[in-house]
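Just the one chain here, the form predicted on its own, laid out as structure tokens.
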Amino acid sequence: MRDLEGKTAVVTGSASGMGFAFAECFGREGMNVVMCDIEEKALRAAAAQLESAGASVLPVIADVSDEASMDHLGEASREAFGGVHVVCLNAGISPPTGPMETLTANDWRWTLGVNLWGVIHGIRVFLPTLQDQDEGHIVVTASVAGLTSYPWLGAYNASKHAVTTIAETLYAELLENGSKVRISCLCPGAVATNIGDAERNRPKELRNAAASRVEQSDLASFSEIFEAIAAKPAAVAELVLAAVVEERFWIETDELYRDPIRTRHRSIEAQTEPPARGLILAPYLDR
């Protein structure tokens, strides 16, 4: 899609981080922007910031894991701006990490609800509109975790692998149908967002009975490392914009995971043992 001015973008998880950067970027291109997030106060502030810069913005409070909430997002978007043209299904969370046996049913429900069902609902709600007008672009936020299988990220890995294959499947279906609608799969590495503090938005009914065993000192240490290596959301937004304009499927934020991804694919082809070892941040720390 080369002509974006006057058209409409919907971005989930847009009160902060990459989602806000996407919304800001599309607003600068002259698009109407529907900003969706579950955090009302943060969303109102983010929308006001974009409006002050001259963008036409509709903030919508929505829980991407909830069917009715996402139906409302679709209805509100079409009512405010008519057609929708770019849909960024970006909302995501990262639950407490640890060995598979320590993950609770609530950890799995919360992770899959936001990371996977948020994408499923978004496609269900917006794809028919894009197909009817035979124009548009969907961007799903997966992760390098959707192309690798590092330990201690069981629920997160599962959700992002699912998102990646949904994107690949939809890409194939659109081509088979001769559709002009396109899709991109964003697989970022470390990006400076609030995803590490996602626990603040966990629904009460999905909270674990026991408190997290992670020490605050450990969190502080991790935050310092992460901040030093993470890409800036604005830089990722420019990559997403370029992929939409150029109609490219894969979007990566850096080259550091190319070798781990290739190694995994080779192990599948050779039917050898899976290669992923250590922390998912190892490619940065080993530089």
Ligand SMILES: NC(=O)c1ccc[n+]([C@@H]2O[C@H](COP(=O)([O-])OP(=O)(O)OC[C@H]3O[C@@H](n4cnc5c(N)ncnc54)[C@H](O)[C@@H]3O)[C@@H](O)[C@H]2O)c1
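A residue's number is simply how far along the shown sequence it sits, counting from 1. Keep in mind it's a predicted model, so treat the numbers as computed, not measured.
This next part talks about the form predicted together with the named molecule, which is not shown.
Participant: Of these, Leu153, Ala142, Leu130, Val87, which has a heavy atom no more than 4.5 Å from the named molecule in the model of the complex?
Facilitator: Among Leu153, Ala142, Leu130, Val87, a heavy atom within 4.5 Å of the named molecule in the model of the complex occurs only for Ala142.
Participant: Of these, 49 to 57, 239 to 247, 33 to 41, 258 to 266, which stretch puts a heavy atom within 4.5 angstroms of the named molecule in the model of the complex?
Facilitator: Heavy-atom contact with the partner occurs in 33 to 41.
Participant: How about Gly92 - does it come within 4.5 Å of the named molecule in the model of the complex, if we only consider non-hydrogen atoms?
Facilitator: Output for Gly92 is yes: heavy atoms within 4.5 Å of the named molecule.
Participant: Taking the named molecule as it sits in the model of the complex, is Val114 near enough to touch it, meaning that at least one heavy atom pair lies within 4.5 angstroms?
Facilitator: Heavy-atom contact with the named molecule at 4.5 Å: present for Val114.
Participant: Even though the named molecule is not shown here, does Ile195 get within 4.5 Å of it in the model of the complex, heavy atoms only?
Facilitator: Ile195: yes, in contact with the named molecule in the model of the complex.
Participant: Although the partner isn't part of this model, could you tell me whether Ala9 comes within 4.5 Å of the named molecule in the model of the complex, counting any heavy atom of the residue?
Facilitator: No, Ala9 is distant from the partner.
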